[in-house]
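Listed next as structure tokens is one chain, alone, in the form predicted alone.
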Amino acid sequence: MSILSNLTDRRVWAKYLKSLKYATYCMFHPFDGFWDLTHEKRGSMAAAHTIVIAVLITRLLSLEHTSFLFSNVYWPEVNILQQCLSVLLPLVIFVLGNWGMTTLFEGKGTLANVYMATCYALAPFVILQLPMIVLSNWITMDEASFYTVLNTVSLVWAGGLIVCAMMQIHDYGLGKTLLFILISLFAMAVIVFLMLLFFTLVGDGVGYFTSIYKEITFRLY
């Protein structure tokens, strides 16, 4: 009943839309924006989830509708689940790696703070990439440099915002923030290695017991 009442409560929707709109403030005022995002509770997990979903939709739209002049992706062969995981897994692993490392060295951001700030930092990717999909179908190869510049700006802008976000939520200086982002990338590599090792061992274990089962059934029947 409470969930239904929240969905129909205009104040809840107004608060959600306000927190979602706040992403544009963080884009242009990153230091004040990301400080207030967590310390003044200007952000929300619902808005962060929305931005992630928007990134996924933008990624899929880009693969399907970007002009063949700028993309050699054949849409019928695209695995949608794989493309979504290619965005979600790095995001989750970065958040876990950064939170885990900074917690050991006086980082003030919680796991929720790191996730929320990282999601808000991805807003430029959505805002710039969506018009670029349309633009790619209107420009020629002679104007490709314009498309390339906008694509680079969207990625660099998002990356710069992530740096600013980590500075503000952990209360680190620039040097320490860059150091721990590098450490977070190393932690990501370790996590991926452990995941691969785990699934390899599970696969080998399943294969071993499957072979035993087949051997038993073969001898019995």
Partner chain sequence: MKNAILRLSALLLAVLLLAGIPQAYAADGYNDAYTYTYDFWEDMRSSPDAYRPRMVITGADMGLTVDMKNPQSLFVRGSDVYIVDTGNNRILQVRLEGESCTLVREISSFTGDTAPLTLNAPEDVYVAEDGTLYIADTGNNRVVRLDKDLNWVVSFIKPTDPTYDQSKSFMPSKLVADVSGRVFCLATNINMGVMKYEANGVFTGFIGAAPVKYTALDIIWRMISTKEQRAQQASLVATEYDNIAIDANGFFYVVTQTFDENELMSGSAEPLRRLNSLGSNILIENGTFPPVGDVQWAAGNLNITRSGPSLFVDVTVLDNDVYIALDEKHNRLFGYDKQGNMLWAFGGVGYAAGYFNKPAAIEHMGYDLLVLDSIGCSLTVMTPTEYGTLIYQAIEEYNNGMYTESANTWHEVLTRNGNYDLAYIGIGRAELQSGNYAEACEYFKMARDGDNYSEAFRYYRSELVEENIGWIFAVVAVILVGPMVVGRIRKIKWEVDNA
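Positions refer to the first chain, counted from 1. Basically, rigid core = biggest C-alpha set you can superpose within 1.5 Å across the two forms. All values derive from a computational prediction rather than experimental measurement.
This protein has a second form, the form predicted in complex with the partner chain, left out of what is shown; the following refers to that one.
Novice: Under a 4.5 angstroms heavy atom criterion, identify the one residue in 91, 150, 139, 78 near the partner chain in the predicted bound form.
Specialist: Comparing distances to the partner chain in the predicted bound form, the residue within 4.5 Å is 139.
Novice: Would you check, heavy atoms only and a 4.5 Å threshold, whether residue 189 touches the partner chain in the predicted bound form?
Specialist: No, residue 189 is distant from the partner.
Novice: Answer with yes or no whether residue 145 is in contact with the partner chain in the predicted bound form, where contact means some heavy atom within 4.5 Å.
Specialist: So residue 145 does not count as contacting the partner chain.
Novice: At 4.5 Å between heavy atoms, is residue 69 in contact with the partner chain in the predicted bound form?
Specialist: Taking the distances in the predicted bound form, the answer for residue 69 is yes, it comes within 4.5 Å of the partner chain.
Novice: Under a 4.5 Å heavy atom criterion, is residue 128 part of the interface with the partner chain in the predicted bound form?
Specialist: Heavy-atom contact with the partner chain at 4.5 Å: absent for residue 128.
Novice: Can you pick the stretch from 116-124, 131-139, 79-87, 96-104 whose heavy atoms fall within 4.5 Å of the partner chain in the predicted bound form?
Specialist: Only one stretch passes the 4.5 Å heavy-atom test: 131-139.
Novice: For the heavy atom contacts within 4.5 Å of the partner chain in the predicted bound form, list the residues of 72-104 involved, in sequence order.
Specialist: If the 4.5 Å heavy-atom criterion is applied to the partner chain in the predicted bound form, 72-104 yields 72, 73, 74.
Novice: Superposed on the rigid core, does the Cα of residue 77 end up 2 angstroms or more away between the shown form and the other one?
Specialist: Yes, the C-alpha moves 2 Å or more.
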